[in-house]
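The chain below stands alone, shown as structure tokens; this is the form predicted on its own.
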Amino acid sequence: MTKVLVAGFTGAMGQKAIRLVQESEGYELVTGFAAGITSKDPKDYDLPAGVAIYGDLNEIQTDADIWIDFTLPSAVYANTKFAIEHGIHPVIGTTGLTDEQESELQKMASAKQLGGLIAPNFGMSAVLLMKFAKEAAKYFPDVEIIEMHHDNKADAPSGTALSTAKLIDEVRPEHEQGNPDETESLSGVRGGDYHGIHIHAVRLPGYVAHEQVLFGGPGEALTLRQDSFDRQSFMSGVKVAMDHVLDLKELVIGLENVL
């Protein structure tokens, strides 16, 4: 049995990850971690008696093989570092890591020859959107991104939108987009700017996770869109990560790189 720790197990995504592990053949939930919780009785969380519960990162003692993380942007770096240092394969669904932090974590994992995965989005539709957007950017270099999420999301822009921009930037020809003399009568109205690619973040109740990538060209336009209507849609990607992560020898960024 492959043993699994779920960090952030009391949250909405963490709860779905718990059920995924429990329902997947060949996997065993051995540890739950949620910063700040006081009760260590698994029965208080409707978990089997043998599951160890922790509320403090530094107190964790586990023989888990995989660390699934759905926590907070402020905690994800320390959590991932802890997992790598303790030889646990990280599967990270929490966004908010900087490029520098990802690079540092990759170096740590490489030194231990430990495989892991950081995925800004585990939804298959989002992974395909990023793949298609990168291909389209070769032909439509003028592009903007709109991401829409529930109003409780802690970070902006979303990790998916930022990753989409990074993938587009890899193939997008260098050029000036838009009016070089434009001004903003309302500060920030043009959104964030990643190497000339504007990213707009929407936060509204009723939304879950959605993204549009808009391409424009002379006399035509192309719009790519994906919608996640339920967090359950992310679990197919988490299962793919669980099935592959023990075979990896490095920390991989992006689910598309293990498909």
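Given the structure is predicted, the values throughout are model-derived calculations rather than measurements. A residue's number is simply how far along the shown sequence it sits, counting from 1. Whichever C-alpha set is largest while still superposing within 1.5 Å between the two forms counts as the rigid core.
What comes next is about the form predicted together with another copy of the chain, which does not appear here.
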4.5 Å heavy atom contact with another copy of the chain in the model of the complex for all of D155, G216 and L222: yes
Even though another copy of the chain is not shown here, does I199 get within 4.5 Å of it in the model of the complex, heavy atoms only? yes
Do D44 and another copy of the chain share at least one heavy atom pair within 4.5 Å in the model of the complex? no
Can you tell me if D63 lies within 4.5 angstroms of another copy of the chain in the model of the complex, counting non-hydrogen atoms only? no
Is there a heavy atom of E184 no more than 4.5 Å from a heavy atom of another copy of the chain in the model of the complex? yes
In the model of the complex, the residue from P48, G206, G36, G26 that sits within 4.5 Å of another copy of the chain by heavy atoms: G206
Residue stretch of 86 to 94, 70 to 78, 112 to 120, 128 to 136 approaching another copy of the chain in the model of the complex, non-hydrogen atom distance within 4.5 Å: 128 to 136
Though the partner is not shown here, which residues of 140 to 156 have a heavy atom within 4.5 Å of another copy of the chain in the model of the complex? F140, D142, V143, E144, I146, M148, D151, N152, K153, A154, D155, A156
C-alpha of A52 off by 2 Å or more between this form and the one not shown on rigid core: no
Determine whether the C-alpha of Q113 shifts by 2 Å or more between this form and the one not shown once the rigid core is superposed. no
Shorter or longer C-alpha distance for A165 and M108 in the model of the complex, given it differs from this form by 3 Å or more? farther
